[in-house]
Each structure stands twice: as structure tokens, then as C-alpha cells.
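Shown here is one chain on its own, the form predicted alone, set out as C-alpha cells.
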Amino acid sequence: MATTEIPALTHTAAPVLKSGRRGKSDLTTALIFIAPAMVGFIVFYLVPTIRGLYLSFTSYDLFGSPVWIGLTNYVKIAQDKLFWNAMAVTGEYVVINIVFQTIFALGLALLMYHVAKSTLVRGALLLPYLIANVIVALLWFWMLDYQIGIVNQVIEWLGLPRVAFFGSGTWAIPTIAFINVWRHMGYTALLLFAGLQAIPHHVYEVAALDGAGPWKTFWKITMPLLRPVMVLVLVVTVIGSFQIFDTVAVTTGGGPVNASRVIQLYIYDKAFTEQDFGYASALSVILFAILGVVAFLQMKFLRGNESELG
């Protein structure tokens, strides 16, 4: 009996050994492909993040060595009126940008889904997003200029007074928000359009048989089934909105009188204008924490990981 069982065990062990070798080979291949991205992540994201966290507890001006000061920077931030002003300005921008960008992008996505079937038209919506932020900001800066801007010339031609879009504390942030809505709504619309395409057609057919009109179908079927994609869009756009910098730097520079000084510009000024890298790092850590909390709350309360299709 023993002599007949040993060859059988040897025969079955061979595929197991081959499978184990194949698994190790696949793992090695995967690690080789992942390595460049992992190195980039560690060098450009992980290490700077850890160093920034360390610098937030120090006094550092780039010309000397960091000096450990504990929580002093965070205590100063709590008493910093310019910080709270920057957060308020950023909050105003985020609300305006998110509301209008989401509404316009959803409208464009519905038009692409029901009306515009041409791939060329859909691709054209992405063109503003492909233009660099600085170029877009300069374009609108010239068009909205108080003296020579074509928009103000049209306004004056209509018999209305010219508007200082970038020179008014009332108009600065809404104008900057409008510029970024124009640039990003095409990309956001494509994300929502992809979500619309994932909704099964038979759901709409059943709704039509039940007598549901377009409006009721939109609120009772489209929006619930689009929720996971909508939450993803909201999380991405909120995080991106908090990081607004280049449009402000090109158009207003934070003025007039800090009316458009968003938090990213304030961090930049502290670091590269005042050379207070420790304080700027502390501001960055606080912003990172705020974005983490906001993203978590969005995913939790909007139930971004759930789908009505399941």
C-alpha cells in the first residue's frame, strides 16, 4: 500500500509547487510595475507630509535649523484673525463653486445623455478643463477688466454701470468662483454622464409603464441611482475647491483688502513671503485635517458607498 500511495502524493504536489512559483512570479511582476508609482508617492507625498507635520511644531525660516516650539504655532493660529478671515473667504468660495458647478454639470450631463449624442460635442465640453488654470485666469482677467474688458464694454453699451469684478470685495470671490465653474463643469459633467450611463434602461422603462413623468423619474430614479457618483463628484470638487490658489494669485492677489485671500494663498504668503515655514506647515496640517473630516462626513452622511442598484 505504501508504495502505491507515494507516487500519488508526488503527482499531486507538483501542480501545487508550480502554482506557488507562479504566484511568487506574479507578485514580483506586480511589484516591479508598482515600484515607480510607489517611489513617486513616497518621495513626493509621504516624506513631505511627514516633514511638514514635524515642521508644524517648529520655528523654521529656511536659513537656519528648525527649532522645536511645541504647540506654539497652533496656539497662534487659534488667535490669528487673518487665518479665520481666510477660512471664511475659502468657505464662501467653496459654497458658490460647489452649488453652481454641480447644478450646471448635472444639467450638461442630462443634455449629453438625452440630447447630444455626438462624441465631438461631448469632447468639446472637456476643452476648458484641458487649458491650464493660469491661462484661464488670465483670459477672464482681461475679459472682465474694468477699463478695457469686453464684458464691461457690453455692460456699458447696455446702459449699465461698469462692474469692478476683481476690484470689489463683493464681486471678487463670486467672479473667481464663476471662472472655475466654467473651467471644471465640463469635466464634472462627464463624470456624471458616466454615472447616468451605468443606470439600467429597464428601470426607466418600468417607470414609464407605471405612468411616471420626466420630473418624477428624475427625482425618484435618476438621482437615487446616481448617488454614488454624485458623492464622489462632491468629495473631489470640495477638496479641489479648498485648494484654490492659482486663479486668485493671477487675478486679485488676495485683494482688495484680503477680500479674496483664500487659505492656500495665506499659506503661500506665510511660507514664501514671510519665510515662516513652521507656521505655514501648521496651517497646512490644519487644512489637511479639515479636508479629511469634510470628506469623511460627506461619505458617511451621503452614503457614498451604497447604491440603490444593490
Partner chain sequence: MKKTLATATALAAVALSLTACGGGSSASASGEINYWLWDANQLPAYQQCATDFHAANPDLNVKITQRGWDDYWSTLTNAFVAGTAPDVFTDHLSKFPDFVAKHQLLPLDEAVKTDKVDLKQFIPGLADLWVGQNGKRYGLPKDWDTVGLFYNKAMTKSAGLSDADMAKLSWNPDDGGTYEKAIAHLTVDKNGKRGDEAGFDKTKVAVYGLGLAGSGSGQGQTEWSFLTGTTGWTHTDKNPWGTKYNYDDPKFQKTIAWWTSLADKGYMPKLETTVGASVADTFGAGKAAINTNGDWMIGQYSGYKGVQVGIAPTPTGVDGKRSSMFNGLADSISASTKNPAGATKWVEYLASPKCQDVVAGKAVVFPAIKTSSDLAEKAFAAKGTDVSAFTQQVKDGTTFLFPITDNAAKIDAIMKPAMDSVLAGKSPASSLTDANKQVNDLFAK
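Nothing here was measured: the structure is a model prediction, and the numbers come from that model. Numbering follows the first chain given and starts at 1. For clarity, a rigid core is taken as the largest C-alpha set superposing within 1.5 Å between two forms.
Not pictured, yet referred to below: the form predicted in complex with its partner chain.
Residue contact with its partner chain in the predicted complex: W84 places no heavy atom within 4.5 Å of it.
Its partner chain is not drawn, but in the predicted complex it has no heavy atom within 4.5 Å of F57.
Not displayed here, its partner chain is approached by G167 to within 4.5 Å at the level of heavy atoms in the predicted complex.
Although the partner is absent here, I69 lies well away from its partner chain in the predicted complex, with no heavy atom inside 4.5 Å. Contacts between stretch 122-147 and its partner chain, counted in the predicted complex as any heavy atom lying within 4.5 Å, involve F141, W142, D145, Y146, Q147, listed in sequence order. With the core superposed, W68 shows a C-alpha displacement below 2 Å between this form and the one not shown.
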